[in-house]
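The chain that follows stands alone, in the form predicted on its own, written as structure tokens.
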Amino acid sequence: MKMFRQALIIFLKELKCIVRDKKTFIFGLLLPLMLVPSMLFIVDFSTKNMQGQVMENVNVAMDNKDNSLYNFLNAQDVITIIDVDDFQKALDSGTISAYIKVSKDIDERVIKKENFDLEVKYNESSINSVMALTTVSQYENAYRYLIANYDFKTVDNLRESIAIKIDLSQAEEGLPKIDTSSLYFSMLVPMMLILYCCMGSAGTAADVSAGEKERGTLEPLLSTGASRSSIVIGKLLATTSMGVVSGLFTVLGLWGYLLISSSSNMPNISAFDMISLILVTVFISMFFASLNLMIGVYSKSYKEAQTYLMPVSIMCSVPTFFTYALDVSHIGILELCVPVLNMICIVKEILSGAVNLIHLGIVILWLLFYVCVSLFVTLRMFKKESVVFRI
């Protein structure tokens, strides 16, 4: 009981120091709240601007113009068919965005309701070409729909009747729309939450451990009579608190941006899901806080601690790139037992409203195990004079 009272005193002391440090406040709290929405706005604006430019005019080339597909595409305002000598050079230079190769007897096959060959080539290294491919594919689908639902008696009748202008926006009114805000939210929140839980605690961990060595305030703290275990636990709680606040501010920033910028419905997160998200954020922050504090205690100086902590922040974000396409229904025990990956998986479950209590319990138990191991190593090092006062 005495140890926990001492740990609470240490925690409050470190918390006061953190609040007095304006740089920590700005970078730990306001930065994730403002940087994430700003970054998303720039990405969203540039993407929409590029899509708008591509959608206004798509240059394509065809190997054969004597067919109904040419007449159909030529009737569209968005499509411009141009002649090229070498389609590969034209694709590489950006002169055309796509090259369409069709069967020479396409019209005869259409009239007979037979299948025909149609191949669209594009430049995989060009963003404009990739975006234009979507437009070309939409008009291809519209063409296939027309020839499948109407009977054409002759080739001339086919070519004349098919040369009509199509409004893709009206043609796709009945199709289901993708909720882009929910998609952004489910992909970005896990990555940003993990990253800022780590980064938010990294600076504090370095300051309350290696930084205190440099300032010469560690010796007076050790002479107060507080046990070294209570000192480490108090510093861990202070470091965890910064990670929790930084992680939650990141989620708040993302949520605010999506709520303002999108007319789509936001992910429906219940009160239970929100409590689960906060609970998981606390344990994730404690995990990174214990890991960062262990590194800080070992370091001789604040600068050395920052050098060691930088790779941790980078490595914690790597697993997020492997879970973008992960379906929450396919999350298994293996994913829940891998460090960092299990954190991302449980956050995705919570945001999708499909949180599994067994999965939640497994992840929390693993996080507690990680914290206990890191805390054990930190206490062992903190009790050694050769580590605490190493120069």
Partner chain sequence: MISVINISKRFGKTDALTDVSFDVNNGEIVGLLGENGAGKSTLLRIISTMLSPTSGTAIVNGYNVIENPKDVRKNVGILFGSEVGLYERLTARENIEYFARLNGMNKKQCDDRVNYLIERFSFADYADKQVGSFSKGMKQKIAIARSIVHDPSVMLFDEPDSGLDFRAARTVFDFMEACKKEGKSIIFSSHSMESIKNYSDRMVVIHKGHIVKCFDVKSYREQYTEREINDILFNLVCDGDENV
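Small disclaimer: the values here were computed from a predicted structure and weren't measured. Numbering follows the first chain given and starts at 1.
This next part talks about the form predicted in complex with its partner chain, which is not shown.
Q: Using a 4.5 Å cut on heavy atoms, which of Leu222, Ile81, Met191, Leu146 is close to its partner chain in the model of the complex?
A: In short, Leu222.
Q: Using 4.5 Å between non-hydrogen atoms, is Cys17 touching its partner chain in the model of the complex?
A: Looking in the model of the complex, residue contacts with its partner chain include Cys17, since a heavy atom lies within 4.5 Å.
Q: So in the model of the complex, does any heavy atom of Ala226 sit within 4.5 Å of its partner chain?
A: Yes, contact at 4.5 Å.
Q: Any chance Ser93 has a heavy atom within 4.5 Å of its partner chain in the model of the complex?
A: No, Ser93 stays farther than 4.5 Å from its partner chain in the model of the complex.
Q: Would Ser301 count as touching its partner chain in the model of the complex under a 4.5 Å heavy atom rule?
A: Ser301: no, not in contact with its partner chain in the model of the complex.
Q: Among 226 to 234, 129 to 137, 281 to 289, 73 to 81, which stretch has residues whose heavy atoms lie within 4.5 Å of its partner chain in the model of the complex?
A: Correct option: 226 to 234.
Q: Taking only heavy atoms into account, state which residues of 199 to 215 are within 4.5 Å of its partner chain in the model of the complex, ordered by sequence.
A: Contacting residues: Asp207, Glu212, Glu214, Arg215.
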